[in-house]
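In structure tokens, the next block holds one chain alone, the form predicted on its own.
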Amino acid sequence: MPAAYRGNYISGRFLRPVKAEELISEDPGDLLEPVGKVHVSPEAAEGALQAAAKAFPAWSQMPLAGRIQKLRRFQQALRRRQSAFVTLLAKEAGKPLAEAGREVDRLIHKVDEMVTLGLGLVRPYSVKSERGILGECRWRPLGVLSVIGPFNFPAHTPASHIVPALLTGNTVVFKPSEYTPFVGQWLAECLDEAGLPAGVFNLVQGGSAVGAKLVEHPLVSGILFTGSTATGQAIKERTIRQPQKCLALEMGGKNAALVFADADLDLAARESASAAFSMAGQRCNATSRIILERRMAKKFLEKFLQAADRVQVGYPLEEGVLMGPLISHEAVAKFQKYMKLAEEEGYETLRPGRALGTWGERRGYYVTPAIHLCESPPKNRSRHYRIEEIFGPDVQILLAKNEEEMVHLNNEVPYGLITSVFTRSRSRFERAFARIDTGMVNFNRGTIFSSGKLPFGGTKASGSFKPAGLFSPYYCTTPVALLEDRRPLAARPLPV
């Protein structure tokens, strides 16, 4: 049965737009059973932004305890509806059940992380400047924040912006991915159950036209975005004449696992295969490159290919599936384009990435895992496959003669999100860590693993130096310095 569409959520009510285009939400693993239909109207963004601006003064001045209480009610609503939401998430995002369950669980715990550790980062503090003069730092909310969410983590990722934004006194207008509109509606329903004042949180469905309004509108104080680097760059260009806007951009990756000769090869192979093919590689922190110390490459490859061949592809709601479908027909076409580029750029195909079209009796955007080997960098060839993000289940194997070359290969791409380092030597890890140019580095752990109690963000084309995770309250607030002179006027020297 199709999901029930309720409309945009504006000023505390679900409202169906009058003049709108129809948008069909597919189940990418079973195209014969769409999730449902929504209606899209870019004009709805104006009403949502006006509602958020109107609600901001009262919400920002509400005592912190009151805002915490509302978010605790949101957390309770999430728990009540957890099971149904996991199923919806698996269907609409094409996400395996186990991964969907982990996402919802992390979403629920996001409130705890922000209320305890996150708020501690933006707690006011006082200093003594000089005798009779007191200084204080207070943190002020920015205002109306636009949250633009991705399809691959359509619940936890936007909530990682929404929860700290609301907690610190901002109001929010949220645009879910056009691929996952019903996940966005589900979040709005849970926030509605929390009893937020009208206009504090708003939801507008749509694609790029709605996104453009939420970026360019003068009422917007900040844009909290997760998605492709190309879209992040477009957001920056659209706001070039609005330098007052905060841009927290979490973008793409071309992440590598560095496997040294002394590594536990069974561990490195298993972790890398999982990180490369989980969710069909549709994660910004997926492993898309494995850089091997040449003298142990053959041993590692044997173990890695065995691990890759055990990856279970299938419909997301089936138990044990690690890799579901890609999100769309366009994603399949892009994947196939890069498979051709790999051959043109001189890579040896160890496992071909093929479009399947069906899985059993289901028609969907299924593909097989791809693995390509490059023993030495080709000369006088294009480097598109080598350095560009594919966002699919493909991994390239690169060989290097020593530690220095491994780090060089890691850093050669325009992205800088995360790197995994596999070695038994702490000193070797620390040497590599000092030269690796990524925002996150994992030690004997796959690239897809992160903690909500740490920052999450990258360098270069992967981010804007405003990491999410625990550090998200920083980009939802601005520090304000307050200096108070308590001395009598007669005791104050004239300024010189």
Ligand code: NAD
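Quick caveat, the model's predicted, so the values are computed rather than measured. Note that residue numbering follows the sequence shown and begins at 1.
Same protein, other form: the form predicted together with the named molecule, not shown, and the subject of what follows.
Residues with any non-hydrogen atom within 4.5 angstroms of the named molecule in the model of the complex fall in just one of 77-85, 147-155, 121-129, 295-303: 147-155. In summary, among the residues 364, 227, 169, 369, the only one with a non-hydrogen atom within 4.5 Å of the named molecule in the model of the complex is 227. Contact with the named molecule in the model of the complex, judged by any heavy atom within 4.5 Å, is made by just one of 112, 189, 345, 178: 178. Taking the partner from elsewhere, residue 354 is found to have every heavy atom lying beyond 4.5 Å of the named molecule in the model of the complex. Contact between residue 376 and the named molecule in the model of the complex is not found at the 4.5 Å heavy atom cutoff. When contacts are judged by a 4.5 Å heavy atom cut-off, residue 418 does not count as touching the named molecule in the model of the complex. Residue 106 falls outside the set of residues with a heavy atom inside 4.5 Å of the named molecule in the model of the complex.
In the model of the complex, the named molecule lies within 4.5 angstroms of at least one heavy atom of each of the following residues of 249-267: 250, 251, 252, 253, in sequence order.
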